[in-house]
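As a starting point, one isolated chain is supplied in structure tokens, in the form predicted alone.
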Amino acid sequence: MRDALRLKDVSAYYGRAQILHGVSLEVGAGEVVCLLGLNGMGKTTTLRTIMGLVERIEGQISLNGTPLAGPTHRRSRLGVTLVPEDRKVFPTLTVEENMMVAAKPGASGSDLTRERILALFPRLEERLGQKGGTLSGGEQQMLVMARAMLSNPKYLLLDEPTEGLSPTYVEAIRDGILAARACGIGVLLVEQSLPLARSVGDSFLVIENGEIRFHVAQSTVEGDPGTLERMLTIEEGV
């Protein structure tokens, strides 16, 4: 059995409201899986469920064959890191301090080190002494991405990392995702930008009303780039 982050028949609830309905998915080591869908369909809840941030969870979540359970900090220590949609920098810490607060070595020689991260995000190197709260939105997004990558997780969960960003910042985030994959980190990416998703994804899932409705291989999308648009259009018309 290959190393993977797996969800099997997972349901999630906020109070009495059931948001996820028997979700099953798998993200392998060094693989980028894109979770697509319209707003309110369960994408963010899927990421929050993996991190134990919903009120009630049913089903099985495992990390490389071991059950992933318990509080969020335990799941993080086991190697799963979430980059939420709202950019949570430490506003009174410098860029350097923000980056290094979570830094730890990885399990192999292909670690994402400070030097490698700054090469990916040169704008951050220019602002190492600047307070995190004074950065632009795009710079803050690069900072939270850099901080997450410096923790050298086994799996990285990204929630709309390019929302509202200019093309320059989108390209930097794309480079970061590809660098994580090259280091053997599995990535579960929630993303509205289909061009970005197509450029990094190894497989694609479409979620509708808390259920995975489509699972599309990268080869299918390469052969017919309009596949994802049609699936999301069908979803919108339901």
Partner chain sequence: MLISLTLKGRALGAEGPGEGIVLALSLALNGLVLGSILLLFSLGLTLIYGVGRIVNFAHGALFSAGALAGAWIASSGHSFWIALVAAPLLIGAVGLVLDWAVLARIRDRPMVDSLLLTFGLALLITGVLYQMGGRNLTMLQPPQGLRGTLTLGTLSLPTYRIFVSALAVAAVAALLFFLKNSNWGLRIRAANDDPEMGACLGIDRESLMHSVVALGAALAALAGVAAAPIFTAYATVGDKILILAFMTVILGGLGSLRGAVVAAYVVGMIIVFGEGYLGGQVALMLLFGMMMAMLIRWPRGFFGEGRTE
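Every value quoted in this text rests on a predicted model; they were computed, and no experiment measured them. Numbering follows the first chain given and starts at 1.
As for the form predicted together with its partner chain, it is not shown, yet the points below apply to it.
Looking at 171-179, 51-59, 187-195, 23-31, the stretch with residues near its partner chain in the model of the complex, meaning non-hydrogen atoms within 4.5 angstroms, turns out to be 51-59. This chain is displayed alone, yet in the model of the complex one of S76, T113, S136, Q130 has a heavy atom within 4.5 Å of its partner chain; that residue is S76.
Interface residue among V80, L165, L120, L124, judged by heavy atoms within 4.5 Å of its partner chain in the model of the complex: V80. With a 4.5 Å cutoff on heavy atoms, R147 counts as touching its partner chain in the model of the complex. Along 78-94, a non-hydrogen atom within 4.5 Å of its partner chain in the model of the complex is carried by V80, T81, L82, P84, K88, F90, P91, T92, L93, in order along the sequence.
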